[in-house]
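The structure tokens that follow cover one protein chain in two forms, given apart as structure 1 and structure 2.
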Structure 1
Amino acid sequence: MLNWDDYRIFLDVARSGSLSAASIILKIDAATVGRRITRLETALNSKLFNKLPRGYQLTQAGKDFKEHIEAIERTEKIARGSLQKASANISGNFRIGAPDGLSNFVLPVVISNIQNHHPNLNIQILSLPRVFNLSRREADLAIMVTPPKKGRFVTKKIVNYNLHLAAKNTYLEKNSQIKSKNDLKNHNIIGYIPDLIFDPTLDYLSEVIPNRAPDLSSNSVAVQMQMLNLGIGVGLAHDFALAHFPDIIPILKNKINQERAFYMVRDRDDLASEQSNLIASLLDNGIKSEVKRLQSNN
């Protein structure tokens, strides 16, 4: 029943003298602020405020109580400050290898968040459409679509992602309707360069449209997205990339849905480094939530 978060609300009501004023400061509805105060008073079995028509006024017990809660507030600030200091200790270079789809459409915002909180840290994105060689220290950490089976690596699944057929709205208006896979015969297909598919997991297209080489191809997901955005064909696109191109529309959404996953791969030795663990964890959470956020917008 007792909820420490209600102390936070209590302070603003005590200071501002009314639920409505506190609600503006807290950016919480006044009704909620009132319910939280009621809950707090019930949990503490005490009356902290006199409810006057002009607002909420502290009782004597409330005034004494406020002194203590203000001490808590000061300590809480200090506690958060201690974490800021710890963040400042994180420093140096950290290189992440990642597939170029992730590098282009997800990592920038994730990295930016991390760097805001760790100003002394430099994170480098090594965007490459191929497998990394962690052993040779090409990167401190790699993100892959297929984790390596052997080696001195630790693998952890980060998040699933989906791919859907898509094309630009203008392209769809000008060309014949696509109501089934068969209709794709009459369309330009954009995809990977077949010779250069380094990972069988990436051979998305052949699962959707067997025996059909792309008409337009690149080894780079980002380039494929640019082609789609020019309105020159149909291709499989990552949902999280689609969020960046509002004019590219998914097709056959209910009939075709490819699912893949990103895995985080690290050298086993790096597990001993708290800094490495921290960055890995921040990346994990950051990628997970950013991918989910982008995918939910469609």
Structure 2
Amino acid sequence: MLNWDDYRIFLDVARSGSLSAASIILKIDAATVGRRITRLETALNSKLFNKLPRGYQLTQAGKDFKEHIEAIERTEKIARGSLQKASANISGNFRIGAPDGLSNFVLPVVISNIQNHHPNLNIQILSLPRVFNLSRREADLAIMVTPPKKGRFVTKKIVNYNLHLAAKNTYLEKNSQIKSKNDLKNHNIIGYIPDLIFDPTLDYLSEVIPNRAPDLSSNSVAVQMQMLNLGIGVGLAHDFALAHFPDIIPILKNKINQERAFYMVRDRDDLASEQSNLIASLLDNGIKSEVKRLQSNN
């Protein structure tokens, strides 16, 4: 006999794309996850996944079934939320999709503070350099630099953040001085891989040095910061990240200052859940506070 746990296992495999990834989320071994998927397919008399070298891919039947189960999931969350008032007893899994810069340098402190007060809440950070699909329930909530213009979403601005040109002090000591933007032509530039910038808002470098591709690049903010920390170039860095690297210092601070903002994006249906609303509020306040704290150090 099937129960909601079977459907939950199916959703986690569908969203993660593999038995091993789902097993980590579910905290059961991958073999058990595989057996439960097989049992589900047998009970439904339908093939839900194609097993590929890179993982589990939904068949068309699987995609149709996923939409149906996600509708049930949304209804279940609404029902649970209407009964579960905001309290110190919030629990369960809650997944946040966020840019990797925020995920690496801000969110660990924020979720640690939240879980200190709510130890039964398991917050998961999905950190990828791309846009998250809330409609497909890839995350319960997303933090974005550019909020979506379409869909059943509710968007709230959290906080502004700043970026400055920066380099490690040892790099600046060994290389020619940087007194203006024009001097940058003589330096290694670190930045995003141009053709992998998924959001034009993240194309920071072109505003500072037009028509100049980076000499060293990555689609990850964390990797770019490690490049700067090795003292091998100059790049635009988030002020909240610079607070973690005292030897990387801002350059031309009064001449180059880019400002962006983080937005919280939620599925409209989740507003009916008191627990989701409480978690969203805690994240909103925590991110705002931590970004401001870190930026005050620069």
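Rigid core (definition): largest C-alpha set, two forms, superposition within 1.5 Å. Keep in mind that what you see is a predicted model, and the values were worked out from it rather than measured. FYI, numbering is relative to structure 1, first residue = 1.
It is structure 2 that shows the chain in the form predicted on its own. Annotation for Ile287: C-alpha shift under 2 angstroms between structure 1 and structure 2, rigid core superposed. Arg35: CA moves 2 Å or more between structure 1 and structure 2 after rigid-core fitting.
A movement of the C-alpha atom of Lys63 reaching 2 angstroms or beyond is seen between structure 1 and structure 2 when the two forms are aligned on their rigid core.
Its Cα shifted by 44.9 Å, Ile25 is compared between structure 1 and structure 2 on a rigid core fit.
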